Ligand SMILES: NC(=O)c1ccc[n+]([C@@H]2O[C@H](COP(=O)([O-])OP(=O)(O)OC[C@H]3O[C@@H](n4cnc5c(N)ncnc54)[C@H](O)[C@@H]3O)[C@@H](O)[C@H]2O)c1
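Next up is one chain by itself, shown in structure tokens, the form predicted on its own.
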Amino acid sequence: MNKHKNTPAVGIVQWFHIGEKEKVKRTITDLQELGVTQLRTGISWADLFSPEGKEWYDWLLPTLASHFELLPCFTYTPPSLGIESKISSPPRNLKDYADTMDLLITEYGEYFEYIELWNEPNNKSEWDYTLDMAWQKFAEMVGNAAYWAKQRGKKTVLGGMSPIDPSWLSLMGDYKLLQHIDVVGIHGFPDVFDFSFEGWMENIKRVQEMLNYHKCEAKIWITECGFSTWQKNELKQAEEFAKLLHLPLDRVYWYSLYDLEPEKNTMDGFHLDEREYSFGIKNLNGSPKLLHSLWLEYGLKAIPDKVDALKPLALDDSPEEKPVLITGGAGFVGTNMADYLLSQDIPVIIFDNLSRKGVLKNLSWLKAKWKNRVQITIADIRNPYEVEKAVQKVSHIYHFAAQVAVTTSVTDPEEDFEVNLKGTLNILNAMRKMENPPSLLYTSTNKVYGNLAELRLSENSSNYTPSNIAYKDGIDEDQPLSFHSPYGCSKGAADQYVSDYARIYNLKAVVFRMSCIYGPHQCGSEDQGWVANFLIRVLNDETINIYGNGKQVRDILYVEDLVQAMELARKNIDHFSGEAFNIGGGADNAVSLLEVLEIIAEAHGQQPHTSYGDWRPGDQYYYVSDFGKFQQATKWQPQISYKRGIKKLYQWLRQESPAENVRPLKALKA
């Protein structure tokens, strides 16, 4: 077996179609961000044989080789040369493969040391062995190519077996192919395609025994392995990856960086197997999956420990007090809610797929503070089976998990729908199956009221104010619903489903239509969490981008006040189940973007850098919550003014991310 003391060199498998230059450039950037230096990619014999193929590889190979150590996999028969007209066919003239490889080395040999000869030769989709029943043609074809590659100074990799089959490898030994091989590749996809997978060590052992039997000194590499998240199980993907980092191998390659584009065919056809489309560590929209987030935030070698820390703890099947479930529990509001509940000795289950920026840090903070009292389920709200398991264990649900940005909903409305509406339905359906279901608080949004274009507004020097005195206290629940933007549609539809399920199925459920919430543990962005985003940018000496003129008004609510409102709703849910409440800072905490900038300037000691752009779809010029309905029901009132709240968040952010050359904090009057 290979001598090994350290973590294997970990590469990525990413193949490219002719013309995908932008994808190549994005791949280079994304892999460099992770510190990846090894890349396995395909050189298609069929593409190379085409008129545009040579031009493509003339650009692709030097471009990739300038950033990575390349392992090219030379595979796929030109259909015109095959026994049958398909890329998995043996060629009619077996020598053509070695001849083309010789030309390949002449043209591009400076860009690689190793060359992999074919891909998954014992997989019928990749090499149609019904046209070569005993693999004699394959052994002759690859044997000739391997011999000549070594004559040309290259090292050879036998295309990775999938499934891992020592008997097939022994057959290649009998054909004397192995004497020309430097590395034997193996492929594995545990719990995706390989359901009887016996573990990497057992498979490596069997392959090594067969190599020893044939007196072959070739190394063993995993040239492709991966886990598909088609069922939204991102923790399992990270777990499978972590297992590779302790193997006694020199090199492993993970498939892949990106999910497969839905318009593309796989070797087995068009969407005949949905597993094929979700192997990436990044989603198609560029957002990271859990594995990518762990890798980027903590580094490769830390992944096994971080994955172990995320595994759920065993729960008492019959606890004295059932826990509270917080979906999106590692997010901003979820972290603050979990912290409060745990401080009151109320057990908590955090349910989160950890897909958003900053949530790993929030979760680490909760675990450091509350140790094993924090129960964690790393799962996706779109997975109905995981949702049902979690819902059955709890007394109450705070449903915060969501796609939260209007801009993202415009670019990817399907994702927005799946998360916000389908995810909520998964919870509701799990509840209605139970004899004694938990209660539910769903966080909706002020965007369900649309852009409020019918409001007559006065434009002042620094803000908008309503001309109609009827809106002096803000927008109440009698305001007609008017969903603008896909985000407004998905959240609004879920809002209505919650209220209707409460009536039809007699569930205890309430809706909070929330305005702008801010406070500690918020990783604000331009799309969501604008108060925190402004402060973070100021502390980092970055420009604040304003969309519109900055006079738009929001009532902002400090998260501590929101937590108290939510707890009042939970404790009194029997009295107003099925109701929707507008929740925000109210008229006393209504402030424009320009006015917030002035408060930040006062605190920071200098004016922020700003730039202005066009209004965005669905933007409201004015929104202030009239929370009178909830106040009348519970006597709730915000306790932290917006000036005091901004000061508290500024102080917290300074402590969390000290910035150089930040001026001393000035006092703000409440």
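None of these values were measured; they are calculated from a predicted model. All residue numbers refer to positions in the sequence shown, first residue = 1.
The discussion below concerns the form predicted in complex with the named molecule, not included here.
Among residues of the shown chain, residue 475 is not one whose heavy atoms approach the named molecule to within 4.5 Å in the predicted complex. In the predicted complex, residue 380 approaches the named molecule with a heavy atom inside 4.5 Å. Taking the partner from the other structure, the named molecule in the predicted complex has no heavy atom within 4.5 Å of any heavy atom of residue 554.
Using a 4.5 Å cutoff between non-hydrogen atoms, residue 495 does not count as a contact of the named molecule in the predicted complex.
From the list 501 to 509, 236 to 244, 372 to 380, 169 to 177, the contact stretch for the named molecule in the predicted complex under a 4.5 Å heavy atom rule is 372 to 380. None of 224, 352, 116, 416 but one reaches within 4.5 angstroms of the named molecule in the predicted complex through a heavy atom, and that residue is 352. When you look in the predicted complex, the only residue of 160, 584, 488, 328 with a non-hydrogen atom within 4.5 Å of the named molecule is 328. Residues of 513 to 541 placing a heavy atom within 4.5 Å of the named molecule in the predicted complex, in sequence order: 514, 515, 516, 517, 522, 528.
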